[in-house]
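In structure tokens, the next block holds one chain alone, the form predicted on its own.
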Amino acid sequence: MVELRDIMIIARQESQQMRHHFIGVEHLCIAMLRARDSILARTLSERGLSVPYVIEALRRRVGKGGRHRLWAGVPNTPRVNVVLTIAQELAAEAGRQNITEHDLLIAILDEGDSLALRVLTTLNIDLEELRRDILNADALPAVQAAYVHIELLPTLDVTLSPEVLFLLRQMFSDYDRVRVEDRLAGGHSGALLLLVTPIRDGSEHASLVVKIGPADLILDEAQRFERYIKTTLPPMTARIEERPVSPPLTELVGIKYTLASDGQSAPRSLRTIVQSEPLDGFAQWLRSALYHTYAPRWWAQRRPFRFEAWQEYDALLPPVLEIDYLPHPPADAIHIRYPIRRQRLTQIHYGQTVQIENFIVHRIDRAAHSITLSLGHGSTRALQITVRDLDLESEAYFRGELVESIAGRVVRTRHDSLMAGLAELTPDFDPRDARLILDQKRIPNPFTQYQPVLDHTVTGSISVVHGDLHLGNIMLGVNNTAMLIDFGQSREGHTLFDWAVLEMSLLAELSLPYLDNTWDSARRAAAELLELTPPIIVDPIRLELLVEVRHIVAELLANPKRRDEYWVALAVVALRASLWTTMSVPQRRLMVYVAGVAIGELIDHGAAPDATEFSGLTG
């Protein structure tokens, strides 16, 4: 059992890293979470909360101190002294002289008014239940996962790591077997999505979607579900009904999405259907089953929203800069601060030194010793800058932290990242060209002409959006109902964003039969799928799906006479997709031309007066 002297050593280290120079209850809690064989760490893990996630939540709530010390030593706060007095009394009652973690936890809960407890409450921890469990806790090693047989269908081309198998056995510890039916194609998060059927005593239970990924990704998704999704979803669609599962011995966390089922067949993803089945009638299904089911509480509940495109869409592109950390920047370093002149960022080049001020920590990659900062304005994180070569052990960073100042030398710009992504596609044109040729038309090269899209001022609308509405996240359930899964990107955002993602996903999948390893096939498919030429090789039924998406978009336009808000969304979404390594090279090449066509439409017909032209794919 962890003793007080060990907890205090770690608490002082935490205080120093956070530049607080005092010991508060939050430091004691973080110290207990970091200590080996911690009761608190194990108890919170049983509730689906990973240790790093809770530590980050505590750090985010208390914030980081200034760089100048105002007093000597590292004193305890008055509240910590009260807690220690209670803990000493509890130890004496148990016949011990030394305070243990058990005593300290009960004392913190009995004191009842610390910032640390308020943070646990925001993470949906029942403090009374937590107290009962700690009173009954003993310092045994973490519980091993029960043996559950994990069966993969022979047709599945997937290998599950020992860490994933361990987590699956924890998630389904009350079953005998789990059959993995399918691996669902994810979006850009990199999480693993599996369609599984749990089996107990030979009886198959309803299929579930399991999502497994890093703690911050999965636990944030659970929070987003509670905030944006839980009260707006139709009763027959996918839901998170149980706590996330976070075993102490793994860095991964898993959640389950329950799916309505008839008990006869597992739900299928729309991606699987588009790839392998006839599509007659699916255009109408998009409207009746998907749009009409979710629009009343999502996209139809939109409000006016005027914004500069970069505020919503800049975060979809590579970081504007990647820099190597410099502890002592030169006097002539370029200052980047809000309010910011974005055009100035495009003039910064490799080797220059920059000093970033008052940006927010958006992501922490401990393996790569880097953090990603962002401006933090708008519903997404704009103007991301990655800072590499940091000592994350001596300097504690947490997501949401306001970094007053940090400097580094530029090693990569956004232009560099985009050109590197295009080089992977081995273009048969000069990547520096301003224009590309598509069906004898000259369209903008999105890799060199994307900046006007981000500069564009959009008069649109805002609503709850799924945030990653690709075909793999749309499931067909009982009676062909539409069920959505994977709410890791759900938020309030530009209403048309979801439909741009869906069109991009449709274009990528519908084009597969017509693509080979040549750029000519990408150009031919783009010309027909975007209706620049009559369909010759493309099945017209496939075009009906795309046309229906555009009909729905036309209904959601903030101004029926202005389509620019959709071209902005489609251009950036397609440009992002052209960089995805999870998409095949031929599909990524197609996305280059989709982005170029969308930028061309924005420039040429962004405010065309005849809204009826929008019923097709291009106007």
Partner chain sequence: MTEPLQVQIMVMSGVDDGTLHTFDARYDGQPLNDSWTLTIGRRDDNDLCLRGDVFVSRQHANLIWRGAQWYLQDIHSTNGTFIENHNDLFADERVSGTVPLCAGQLFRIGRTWLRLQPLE
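We call the rigid core the largest set of C-alpha positions that still match within 1.5 Å between the two forms. Since the model is a prediction, treat every value here as computed from it, not as a measurement. Positions refer to the first chain, counted from 1.
The same protein has a further form, the form predicted in complex with its partner chain, not shown here; the description that follows concerns it.
Asks: Please pick, from Asn136, Asn479, Gln97, Thr122, the one residue with any non-hydrogen atom lying within 4.5 angstroms of its partner chain in the model of the complex.
Replies: Only one option qualifies, and that one is Thr122.
Asks: Pick from Arg42, Arg588, Arg34, Lys64: which residue has any heavy atom within 4.5 angstroms of its partner chain in the model of the complex?
Replies: By the 4.5 Å heavy-atom cutoff, the listed residue in contact is Lys64.
Asks: With heavy atoms only and a cut-off of 4.5 Å, decide whether Arg118 touches its partner chain in the model of the complex.
Replies: Yes, contact at 4.5 Å.
Asks: My question is simply whether Pro162 lines the interface with its partner chain in the model of the complex - judged by any non-hydrogen atom within 4.5 Å.
Replies: Output for Pro162 is no: heavy atoms all beyond 4.5 Å of its partner chain.
Asks: Please check if Leu402 has a heavy atom lying within 4.5 Å of any heavy atom of its partner chain in the model of the complex.
Replies: Result yes; Leu402 sits at the interface with its partner chain in the model of the complex.
Asks: Classify Gln223 as contacting or not contacting its partner chain in the model of the complex by the rule of any non-hydrogen atom within 4.5 angstroms, answering yes or no.
Replies: Output for Gln223 is yes: heavy atoms within 4.5 Å of its partner chain.
Asks: Its partner chain isn't shown here, but in the model of the complex, which of 578-586, 546-554, 52-60, 561-569 has heavy atoms within 4.5 Å of it?
Replies: Looking at the partner contacts, the answer comes out as 52-60.
Asks: Would the C-alpha of Pro586 be classed as shifted by 2 Å or more between the shown form and the other one after rigid-core alignment?
Replies: The answer is no; the displacement is under 2 Å.
Asks: Would you say Thr121 moves between the shown form and the other one, meaning its CA shifts by 2 Å or more once the core is fitted?
Replies: Yes.
Asks: Please check if Leu49 moves between the shown form and the other one, taking a CA shift of 2 Å or more relative to the superposed core as movement.
Replies: Yes; Leu49 is a residue whose C-alpha shifts (by 2 Å or more) between the shown form and the other one when the cores are overlaid.
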